[in-house]
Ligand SMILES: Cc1cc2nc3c(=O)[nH]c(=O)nc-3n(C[C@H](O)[C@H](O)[C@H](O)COP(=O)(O)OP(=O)(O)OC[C@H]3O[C@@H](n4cnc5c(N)ncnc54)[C@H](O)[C@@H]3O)c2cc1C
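Take a look at this single chain in structure tokens; it is the form predicted alone.
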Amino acid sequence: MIHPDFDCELSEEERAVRDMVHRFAEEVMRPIGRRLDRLSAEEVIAPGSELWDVHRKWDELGIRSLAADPSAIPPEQLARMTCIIGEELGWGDAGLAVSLGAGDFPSMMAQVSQKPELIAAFPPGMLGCWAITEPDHGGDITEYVKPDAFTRLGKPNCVAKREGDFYVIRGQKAAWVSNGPVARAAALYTSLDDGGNGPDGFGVLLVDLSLAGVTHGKPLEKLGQRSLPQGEVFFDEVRVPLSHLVIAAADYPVGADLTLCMANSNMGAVFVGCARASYEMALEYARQRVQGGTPIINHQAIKLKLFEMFRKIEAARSLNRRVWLYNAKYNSFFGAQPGYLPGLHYAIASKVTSTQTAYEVATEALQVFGGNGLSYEYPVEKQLRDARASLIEDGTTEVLSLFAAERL
């Protein structure tokens, strides 16, 4: 852990949570993540896979239920806890960290709805997914908050049409849905057809993925974050009660802001941790590897690389924590006053900064390892692959940056 005493503002309880999650990341996530990385995507989600050990042991820690109920502790304390936890999970394994975070999405949305029947139907520990991305609409999804979007962008790939007391869902979500191949529940961000004349708005439905008509696609084979199962989800005449609508079309622009704020802030925390892991691997290796008759950490070129890594990580970490604390005052997920909006452009700045930092630090860390960095024997090459994925994940750096620029 990098200079843990630099976290001088943490309470004893926050330090205890940080240390507990760090042990979980070190003893469970990191070794299992490395082994899952060498398996096929199908093997990762197989019944006997160690992926399920990670989720089971995470449930046993009791933190998942805390994250799913934002009202359990004061907003600012929850914000501090959340960014600390996300950073430690990202330090352990970025792909597994994203899987754990996405898994909480439906239960968190059920809590936000304050509907007892949804809270009971989508409890913490019911593995979920955030089903938003579509085959023909990746970055376009953020545009569906605008009045002309359906004319300009065309029909979405997933439509929920109101029929009597139900929404009937038809279509699909793209292969990049995190936990898509294995999730039991979905927070489904979908177009809505409330008038029978075609989709005219967007909303969020909570969907039990064991319902008739739901099909999971095959898990995707990909470059990085191979411990994170991602795949399509198909909906063929899936009937969901109207009560499962947690964000209606009229509220969707605000709901989308809140969701993107939470998602980008979480990604910011996770990839600060990912960057930290790469830096620590390089630091340890530089102390051990001898060239020119001395450990390479004594060479000026290596010293400069290590300090640049350290500097970038601390800057990204400080921004992420500031964003979490700022939005704790305004974000309704944390019980703030109605009518306030979160600082989405700040959250995006944190995600972009942290993911770019993770990639740059992993690149330089691999360079410190030299030829050994290219070998599967050393974990730093996995760090580079995992970090590279983050520049596209949950919105590319370019699309998110332009979206945030409109808020300046």
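Keep in mind it's a predicted model, so treat the numbers as computed, not measured. Position 1 is the first residue in the sequence shown; the rest follow in order.
Just so you know, the form predicted together with this ligand exists too; it's not on screen, but the next bit is about it.
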{"query": "This ligand in the predicted complex: contacted by all of Thr133, Gly138 and Asp394, heavy atom 4.5 Å", "finding": "yes"}
{"query": "Proximity to this ligand in the predicted complex (heavy atom, within 4.5 Å), stretch among 235 to 243, 300 to 308, 170 to 178, 205 to 213", "finding": "170 to 178"}
{"query": "Contact of Ala186 with this ligand in the predicted complex (heavy atom, 4.5 Å)", "finding": "no"}
{"query": "Leu384: touches this ligand in the predicted complex, heavy atom cutoff 4.5 angstroms", "finding": "no"}
{"query": "Partner contact for Ala389 in the predicted complex: this ligand, 4.5 angstroms, heavy atom", "finding": "yes"}
{"query": "4.5 Å heavy atom contact, Leu402 and this ligand in the predicted complex", "finding": "yes"}
{"query": "Ala160, Leu228, Ala110, Ala275 - the one with a heavy atom within 4.5 Å of this ligand in the predicted complex", "finding": "Leu228"}
{"query": "Contacts with this ligand in the predicted complex - residues in 30 to 63 whose heavy atoms fall within 4.5 Å", "finding": "none"}
